[in-house]
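Before any questions on how it binds or moves, here is one chain, the form predicted alone, in structure tokens.
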Amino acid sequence: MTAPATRGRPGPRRALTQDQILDAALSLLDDGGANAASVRGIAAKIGVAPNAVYTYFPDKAAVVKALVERLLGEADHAAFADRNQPWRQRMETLALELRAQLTAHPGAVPLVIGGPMDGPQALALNERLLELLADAGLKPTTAARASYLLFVYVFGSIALEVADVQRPGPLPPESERIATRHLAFSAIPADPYPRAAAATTAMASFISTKQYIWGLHRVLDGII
């Protein structure tokens, strides 16, 4: 007589954390671009059912908001909060910090600028910037308007830089991207575009660190 089959014990339940979910989302964005991180894709990346993700986040929008918060929170606030340093130097440090942080994850950039930045990390970043502008001598209302102008410049510049590379994945080195742009702009015919044809070298460098800082300085010159 055949012995009755016995049911084995279920395997250990896999632990899951919010950080694992955000890690998976960021990895998908890095590899596939801004539309790559669906809840199903995130779940598959981790090796769990989609319901496991919904335990921590009610929908994709909540995942995106948490990911934006993480990226903004990874900016080194101490680097630009040192009130012993000149305010312009602190602003430059902040701008470079945000650019480095976000261009490292180009697939996430459209998500960062695609919704309201009103989480705790975004508010903390704004508070630091308002403090910096107050140290520069601006009154509260003027400082608030100036902070918005600076965020528009910084995030707008980063978005254009990322959009210039029309494929998912990490950005190529800056020198390679400039060379690619220069080759493309060199094909501009002098007739009927003589000014653009004469400015190909400058136009190729629009996505460079040098141009980014040049533009930042012009904005700061207008603020103070």
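All residue numbers are counted from 1 along the displayed sequence. In this text, all values refer to a predicted model and were calculated from it rather than measured experimentally.
Same protein, other form: the form predicted together with a further copy of the same chain, not shown, and the subject of what follows.
Asker: Looking in the model of the complex, any heavy atom of residue 120 within 4.5 Å of a further copy of the same chain?
Answerer: Residue 120 belongs to the contact set for a further copy of the same chain.
Asker: Even though the partner isn't displayed, in the model of the complex is residue 87 close enough to a further copy of the same chain, meaning a heavy atom within 4.5 Å?
Answerer: Residue-level check for residue 87: no, no contact with a further copy of the same chain.
Asker: Report yes if any heavy atom of residue 38 sits within 4.5 Å of a heavy atom of a further copy of the same chain in the model of the complex; otherwise report no.
Answerer: Contact with a further copy of the same chain, no.
Asker: Would residue 97 count as a contact of a further copy of the same chain in the model of the complex, using a 4.5 angstroms cut-off between non-hydrogen atoms?
Answerer: Contact check for residue 97: no, nothing within 4.5 Å of a further copy of the same chain in the model of the complex.
Asker: Look at the stretches 25 to 33, 158 to 166, 45 to 53, 59 to 67 and give the one with heavy atoms within 4.5 Å of a further copy of the same chain in the model of the complex.
Answerer: That would be stretch 158 to 166.
Asker: What I'd like checked is whether 114, 126 and 188 together line a further copy of the same chain in the model of the complex, meaning each has a non-hydrogen atom within 4.5 Å of it.
Answerer: Result yes, every residue of the spot touches a further copy of the same chain.
Asker: Quick one: name the residues from 29 to 62 with any non-hydrogen atom within 4.5 angstroms of a further copy of the same chain in the model of the complex.
Answerer: Nothing in the stretch sits within 4.5 Å of the partner.
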